[in-house]
Structures are given as structure tokens and as C-alpha cells.
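Given as C-alpha cells, the chain that follows is alone and in the form predicted alone.
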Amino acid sequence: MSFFGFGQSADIDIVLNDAETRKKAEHKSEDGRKDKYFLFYDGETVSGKVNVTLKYPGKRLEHNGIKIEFIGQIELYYDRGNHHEFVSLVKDLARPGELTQSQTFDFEFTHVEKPYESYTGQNVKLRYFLRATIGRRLNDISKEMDIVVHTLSTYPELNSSIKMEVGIEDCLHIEFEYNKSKYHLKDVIVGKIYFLLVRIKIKHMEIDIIKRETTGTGPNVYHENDTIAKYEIMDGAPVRGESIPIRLFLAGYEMTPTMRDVNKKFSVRYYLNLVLIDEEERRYFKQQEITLWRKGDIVRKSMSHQAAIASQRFEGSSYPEKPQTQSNAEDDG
């Protein structure tokens, strides 16, 4: 069975150096299944070992070189097979030759730039992975290992409140206010709705969080709207002068940070949609974009205290947050 060098084959295994201590994050695959992957951040080193195990001890394996790649790529589902790589690093592990026994190769990609967050959407996928390859004359042997990347942010320096009015002349005049325009993924949206004029019979009112994924450019632009959350504000008719408080906890929903024009391929934006339904089932709504960001522990110390006071002011609380310590990790709070 060893004619033309077909007799020997090998299994490849990629093992990270810090596999036992590195945090894992849940990430959704294309088929909707959730799996856990090793979690990395921008600028972190990716290092480990590639184990090559020969299937038939005693037989040699001829190869055209062994290498490992670190790849970040975007795949648009309407353009499958055409992968857009924004990160592509290669390390040669062995020159062309032959393996006479199983062998382990060390690799290290130092301070790797990972500019975007891992994302699996309706029409697009952004993924990072390691790929080890044994070059063969006819058929290469390769193994891929996916990782997940989260992008961390600090407190936004400007985070103004949102004030808007919804009105139908001589029938309805509503003013609503949200405490800020930028929220971290485990934040609370706090707001108030004021009814200044009510001459139509409103029977139901809700706030929706809508995720809008935009892919492609020019004539090939696709928009996908997905309602992430529905929050009932009121069931029944409001009266003039009434104000209704809003408190919407984001931690329970699956959301990503806002992504704008990622590698000129796609965007993911989030909107608060205020919906009113009258007794004749007519719908009135007003949409407002909000920015979502992933909170990290890396904070400008001069800003952290001010930002904490600003975020508490709207809720009337006098307990400022403690300044966060500086470390490269996600804040679970």
C-alpha cells in the first residue's frame, strides 16, 4: 500500500500553550449551535504546539514543508467560497523533507492584531482560526482550530442622553428620554416617557431592540432586521400628563458591540424602536439608534470616576462606581 508515497499519513493536533488557564467564550455557529472557544483580545500573543502523529510507525512521511497560519477572514454568504482575509500570518515549522517519527513543533504569533470582533450573522461570518498544514505532492493534510475574539472598549467620553418627540398633529404628543446613547452589553437602559397630549385611544405600548445587519456594497446591499427584545411599557390607555419609567436590562439578550463598516464588508447596528398600537390596530413608531460596546477593565483613570457619576445621575443615585483596576479582561458585571 505504499506505492507513490500513499502508504503513510498523519494526524495533526493544535494545542495552545495556555489552554488550561485561558478563558472560553460561547459563540454561535452558522447552524445556530453554540460552542465554546478559546477567547482572545486584540494584541495578545497566540502560541502553542502542533503535534504531528504518524499513523503507521516505522514508515516515513515525505512532505513539502509544514506550516501554521493565523487567519482572520470574512465570508459573505451570497459570495461563498470567496473569503476576504484581513489577517494572514504564516510560520514555517519544517522545511521540505521527511518525518520518520511523530513530532511536535512550537509556534508563536507575537502580539497579533485582531481588529474586529468574531461574528456569525444572517448573511456574514467573521472568524479567526489557526490552520496547520503538512504539504504533500497530491493532497495536503491540514487541521483548523477556531478561536473567538472580543473587542473591548472604555467608557465613552461623550455619552449624551437621547430626547425625542413623537407626534401626530392635534392627536398625540409624546416625549421620551433615555439616560444615554451608548450602552455596554450588560448595561441597563433607563428612561421616561411623557404623554403631553393624548386624543387617540392607545391600547398597547412597547420598546423593541432591533438589530440591523447590512452586508455588501452598491447594488448588492442586503439588510436583515432582527427583533432582539420586546419590552412592554404599558397595557391600557395613558392619560395626559402621565409619565412612565423604563428600565430595560440588556444582560439577558444575545447582542454584539455595534460594528460599523467592518473591513468595508458589513455593519451591525442596534436601534430602540418605540411602538404604540391604538384600538384600531394602527401602529405608530419612532426609531433611534444606540451604540453598544463591550466593557473591559481597561479604563482611563481620569474618566472612570466622572463617567460613574454621570451614569448614576440619571437614576438619582449618589453611589459612584469604584474605579476599575487595569487588566486585560472582560468585566462580567
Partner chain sequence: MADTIADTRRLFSKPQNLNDAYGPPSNFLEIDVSNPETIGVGRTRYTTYEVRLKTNLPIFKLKESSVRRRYSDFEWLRAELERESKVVVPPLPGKALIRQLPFRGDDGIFDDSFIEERRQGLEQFLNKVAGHPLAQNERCLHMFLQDESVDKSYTPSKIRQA
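Computed from a predicted model, the values in this text were never measured in an experiment. Numbering follows the first chain given and starts at 1.
The protein also exists as the form predicted in complex with its partner chain; that form is not presented, and the subsequent description refers to it.
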Partner proximity in the predicted bound form: K201 to its partner chain, non-hydrogen atom cutoff 4.5 Å:
yes
Is there a heavy atom of Y78 no more than 4.5 Å from a heavy atom of its partner chain in the predicted bound form?
no
Should D170 be classed as touching its partner chain in the predicted bound form when contacts are defined as heavy atoms within 4.5 Å?
yes
Should E280 be classed as touching its partner chain in the predicted bound form when contacts are defined as heavy atoms within 4.5 Å?
yes
Which is the contacting stretch out of 224-232, 134-142, 245-253, 104-112, given heavy atoms within 4.5 Å of its partner chain in the predicted bound form?
245-253
Of the residues K192, H84, R212, R260, which one places a heavy atom within 4.5 Å of its partner chain in the predicted bound form?
K192
Which listed residue (R60, K265, K49, K295) meets the criterion of a heavy atom within 4.5 Å of its partner chain in the predicted bound form?
K295
What are the residues of 26-41, in order along the chain, with a heavy atom within 4.5 Å of its partner chain in the predicted bound form?
none
